[in-house]
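Single chain ahead, by itself, as structure tokens, in the form predicted on its own.
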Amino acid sequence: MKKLALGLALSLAVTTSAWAHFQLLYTPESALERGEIIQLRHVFTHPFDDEHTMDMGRQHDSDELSPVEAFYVIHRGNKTDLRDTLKKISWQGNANAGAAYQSEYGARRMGDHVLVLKPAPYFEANEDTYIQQITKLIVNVAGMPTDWNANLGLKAEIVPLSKPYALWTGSTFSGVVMSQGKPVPFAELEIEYLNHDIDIAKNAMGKRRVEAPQDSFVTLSLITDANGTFTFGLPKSGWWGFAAVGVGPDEEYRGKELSQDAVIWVQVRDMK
């Protein structure tokens, strides 16, 4: 998808068709009381409807799946490569199984741990294009904020303006869509709710939580303002994914069109 250049001064809510692709980087809890080893799952899916699980790294001219290009963590400004922790798995969705990964990470020290996944571009045969979603997940230990709003200068990135792990139901999440460290004005954002329980032990999607009244409610959409910023109200607890589509500079991969997207996941909790 191409960048949008709409003459809008404010973020506007619009609707798109269903079935947005989302690179899921999942862990059960993003706000930890103390340091611990966390489980992670890396799945390319449709988080609301779960009607199809994609094989990560699928190519148009080979049966071999391309490996993850990068997986690392930023903690207190220091970068640690985590690719050696990735293990191939088969993820069982409600419709089919797809090639995915699992890993574990020792989030032991206080502060923010910014996990970044850069999968290989995935070939979407229905659109004859590649999709690469550079994905961020931020885990905090003991409530000490350190790196959560860092601009990492990624090719495609959503920099949060709200702590992604400290969001109440009914509050809002704000961020800035960036490309190579600079804001992207009037970028298109796709937003989906992770609408199924996650069974980490079985590497599978569980039961569905809510029903959409119509396809427009499956994938919600925003257009960022002239400064690349956006704000979205969070109506329900759980995980929400935000994808800024086509904001990266790379537009071609192996002779095909490439959509280089930025994804971030945020966790929302009910007041009890």
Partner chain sequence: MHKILGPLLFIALLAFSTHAFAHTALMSCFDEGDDTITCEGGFSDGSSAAGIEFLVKQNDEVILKTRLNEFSEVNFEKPEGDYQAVFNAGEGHVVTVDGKNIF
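Nothing here was measured: the structure is a model prediction, and the numbers come from that model. Numbering follows the first chain given and starts at 1.
Absent from the display: the form predicted together with the partner chain. The rest refers to it.
Engineer: Examine residue 142 and determine whether its closest non-hydrogen atom to the partner chain in the model of the complex is within 4.5 angstroms.
Structural biologist: Because a heavy atom of residue 142 falls inside 4.5 Å of the partner chain in the model of the complex, the answer is yes.
Engineer: Can any non-hydrogen atom of residue 110 be found within 4.5 angstroms of the partner chain in the model of the complex?
Structural biologist: Yes, residue 110 lies within 4.5 Å of the partner chain in the model of the complex.
Engineer: Does any heavy atom of residue 207 come within 4.5 Å of a heavy atom of the partner chain in the model of the complex?
Structural biologist: Residue 207: no, not in contact with the partner chain in the model of the complex.
Engineer: Is residue 163 a contact residue for the partner chain in the model of the complex, using a 4.5 Å heavy atom cut-off?
Structural biologist: Although the partner chain is absent here, residue 163 would touch it in the model of the complex, with heavy atoms inside 4.5 Å.
Engineer: Only one of 35, 67, 235, 28 comes within 4.5 Å of the partner chain in the model of the complex by heavy atoms, so just point that one out.
Structural biologist: If I apply the 4.5 Å criterion carefully, the residue I get is 35.
Engineer: Can you check 172-180, 77-85, 143-151, 129-137 and let me know which stretch has heavy atoms within 4.5 Å of the partner chain in the model of the complex?
Structural biologist: This holds for exactly one stretch, 143-151.
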